[in-house]
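In the form predicted alone, a lone chain appears below as structure tokens.
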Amino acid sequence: MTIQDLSQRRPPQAELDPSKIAFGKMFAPNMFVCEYREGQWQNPRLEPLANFNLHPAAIVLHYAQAIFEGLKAFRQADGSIALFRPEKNAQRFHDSAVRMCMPPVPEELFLAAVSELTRIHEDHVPREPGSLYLRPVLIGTEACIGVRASSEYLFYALALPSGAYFPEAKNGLGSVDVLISESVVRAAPGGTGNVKAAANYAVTLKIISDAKHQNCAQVLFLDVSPEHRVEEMGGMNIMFVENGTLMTPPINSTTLPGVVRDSILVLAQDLGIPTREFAYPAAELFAKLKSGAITESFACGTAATITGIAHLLTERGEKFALPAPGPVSEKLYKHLTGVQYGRVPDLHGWRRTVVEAHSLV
């Protein structure tokens, strides 16, 4: 399908300084929109950012039929602009739609949407360490009070100039404190923990808010097994270092397959860092934190990239200190961001150039 360009080009009113951009609060002036009606996707377009007109009975408002993705465009060392592994996001968007009984967005339409949205906002991509964050969303819009899938949908995408996800981490690797939740779970087997359903995040908001009152930037969730194994964080995956080996919970029905998580595991092998997919039972995690067997931990995700964890706290008041950032996380952060910004060779074909260097002003 041809994407109609109805956008209005407006340059930023001031210099996009990554150190001064609050994540998630600055929006580029245009968005991508496409409707699904009568069994097909239609009218894909770029248009000025504006409010939607939804019927009060829209299914998304009552039954949470909504999914989303998050990916970034990076200004390269040669001045071009490239998306990082958008094909992985397209596949996950597809899988999320299938699980939520929604019509999958074809990969070519997804990639065209995020590519064109980036292209028209080339002057809204901050310099390193900033980026242009892209948020594709799919919602059920049919007006119907009834527990069933919608027959009409809206696929749209937003663009946001971005700096650091965690203000505590500033721009760069940095570190944060994390609360380990023993009272709230984010997912259960057979649920939607392994897809990016919007409802997954709603159930974590209360405990994340509570964590912030303890100066914790995020929450680490445990699963519902008797061993209460480490699962993932509120909006990102987690990794540990034990005896020089990079450890992270395996992907299963309650864990989201993070794009940055996958990238780190591949790059770790490139760098000769041993990796192991293993979910610590809570008792073993606490014991190894106390003994010092776990020497590093960090959060990883599209928004957070890699952020060190300085302290892990329990709801019972225990506090475990870790060196953050540590040598392994620093090495991985430097290599990952080097690939994303074009300073390190892209050995795996992860960068998708959407604006060539010669076309930039």
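Heads up: residue numbers just count along the shown sequence, starting at 1. Note that this is a predicted model, so its numbers are computed, not measured.
Keep in mind that the form predicted together with ligand COI is missing from the display, and what follows is about it.
Residues in which of 178-186, 129-137, 268-276, 107-115 have heavy atoms within 4.5 Å of ligand COI in the predicted bound form?
The contacting stretch is 129-137.
Is there any non-hydrogen atom of residue 301 lying within 4.5 Å of ligand COI in the predicted bound form?
Because a heavy atom of residue 301 falls inside 4.5 Å of ligand COI in the predicted bound form, the answer is yes.
Flag residue 41 as yes or no: does it have a non-hydrogen atom within 4.5 angstroms of any non-hydrogen atom of ligand COI in the predicted bound form?
Residue 41: no, not in contact with ligand COI in the predicted bound form.
Can residue 333 be called a contact residue for ligand COI in the predicted bound form at 4.5 Å between heavy atoms?
No, residue 333 stays farther than 4.5 Å from ligand COI in the predicted bound form.
Heavy atoms within 4.5 Å of ligand COI in the predicted bound form: does residue 63 have any?
No, residue 63 is distant from the partner.
Is ligand COI close enough to 70, 196 and 201 in the predicted bound form that each of the three has a heavy atom within 4.5 Å of it?
Verified in the predicted bound form; spot residues all in contact, yes.
From the list 221, 153, 165, 74, which entry has a heavy atom within 4.5 Å of ligand COI in the predicted bound form?
By the 4.5 Å criterion, the partner-contacting residue is 165.
Going by heavy atom distances of 4.5 angstroms or less, which of 249, 191, 235, 281 would be at the interface with ligand COI in the predicted bound form?
Flagged contact: 235.
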